[in-house]
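Below you'll find only one chain, the form predicted on its own, shown as structure tokens.
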Amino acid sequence: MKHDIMNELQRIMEQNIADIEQAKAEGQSVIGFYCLYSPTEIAVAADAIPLPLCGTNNNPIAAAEEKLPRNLCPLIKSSFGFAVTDTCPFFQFSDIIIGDTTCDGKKKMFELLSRYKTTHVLQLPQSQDTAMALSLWRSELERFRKIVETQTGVVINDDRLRAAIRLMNRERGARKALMDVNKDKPAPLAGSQLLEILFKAGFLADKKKGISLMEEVIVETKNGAFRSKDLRGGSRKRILLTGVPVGLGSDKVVKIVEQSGADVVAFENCSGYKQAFFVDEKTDPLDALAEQYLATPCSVMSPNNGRFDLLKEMIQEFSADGVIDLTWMACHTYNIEAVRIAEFVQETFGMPILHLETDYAESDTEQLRVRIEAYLEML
């Protein structure tokens, strides 16, 4: 059954390309997003297709380095590389790009990216705990709404926004339920399997199709369809991965953990549990979007207390034996925050933590393997 579902996912992904092409031919807009902070509900409310665009592949980085510094975060270089090489179909489909001022590297990259595609950058506050920050972010979302209205020709009223919030809450609910299956012991899904399903489902233009697929996977995991018998023993250490987002192509740490006899049971990052939130469906929709999205616990925020709360909850609920904190090279906010994360995990749980700094290349794979295997032996 595992192969049937994964084959179905691949078929849906291939059909998805044709679906987006058909939608564009019929006049539907496509809006590309580079960060979890920008509400996709505003695009959905205008009958536009939202697509995630962060680069997770090493292939286009060499081309990006012809214009960007080599000592820059690989996620930024990969994202820009797909633009300059024109090798990402989802970037090609996007009529406009929405960025935000998360880190210095990204916001300056967007200046160059605008040469290849119309790009709008939202001014994200750098703190979450002041009325001024929320007011500023709400005004930016109002500007975002007007940008999308201009692009699509659709007036985004509150009813449309509420309907979009309900749909996206359903999708987030399905993603959370899928991730939560690994609270079971032993974990019914390998981390690499979970990552692949979440990653690919995120690109589907038909949100309801993606929700149905994830719900089907949840049912099959309960029946043990995804793990072979030799991987369902209870002796495998349970690892929580925190830090930078990972995706297909930037998942080498996940693979090494699995090859070393452990499981990544949960992802506390933008590609994982940071998406497991729900927007209030009863209050003013733009207020609700501004409040919930601003609360995203990313290291660009100072302070970033929400990350510690989320980590504590996840370590307990997923019965983690250990925590690996992953940082991409030159991602200074996560790299600096790693000090406090290590202290927090040690003081709260008496648990050692492994901090890894790497990039998308495979050249340090064996060095990472030695460190990961040594860490697993400590647990």
Partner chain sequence: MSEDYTSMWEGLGLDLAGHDALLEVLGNGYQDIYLAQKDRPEGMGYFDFVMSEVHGLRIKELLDEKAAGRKVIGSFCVFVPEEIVQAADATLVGLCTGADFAMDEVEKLLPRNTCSLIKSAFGFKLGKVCPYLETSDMIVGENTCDGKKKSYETLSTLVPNLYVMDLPQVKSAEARALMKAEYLRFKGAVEDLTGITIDAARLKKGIEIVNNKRKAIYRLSNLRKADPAPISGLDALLANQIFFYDNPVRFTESVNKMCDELEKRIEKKEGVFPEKAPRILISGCPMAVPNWKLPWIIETSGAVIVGEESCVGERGTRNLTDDNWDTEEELMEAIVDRYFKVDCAIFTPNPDRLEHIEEMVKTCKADGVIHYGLQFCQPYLMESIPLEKALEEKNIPTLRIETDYSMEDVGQLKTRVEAFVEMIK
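Note that this is a predicted model, so its numbers are computed, not measured. Numbering follows the first chain given and starts at 1.
Not pictured, yet referred to below: the form predicted together with its partner chain.
Interface residue among A177, A295, M132, V155 relative to its partner chain in the predicted bound form, by the heavy atom within 4.5 Å criterion: M132.
Listed residues R166, K222, K208, K108 were compared with its partner chain in the predicted bound form; K108 is the one with a heavy atom within 4.5 Å. Heavy atoms within 4.5 Å of its partner chain in the predicted bound form are found in one stretch of 44-52, 23-31, 330-338, 314-322, which is 330-338.
Among residues of the shown chain, G249 is not one whose heavy atoms approach its partner chain to within 4.5 Å in the predicted bound form. Shown alone here, E357 lies within 4.5 Å of its partner chain in the predicted bound form, counting heavy atoms only. Within this chain, D104 lines the site of its partner chain in the predicted bound form, having a heavy atom no more than 4.5 Å away. The closest heavy atom approach of K185 to its partner chain in the predicted bound form falls outside 4.5 Å.
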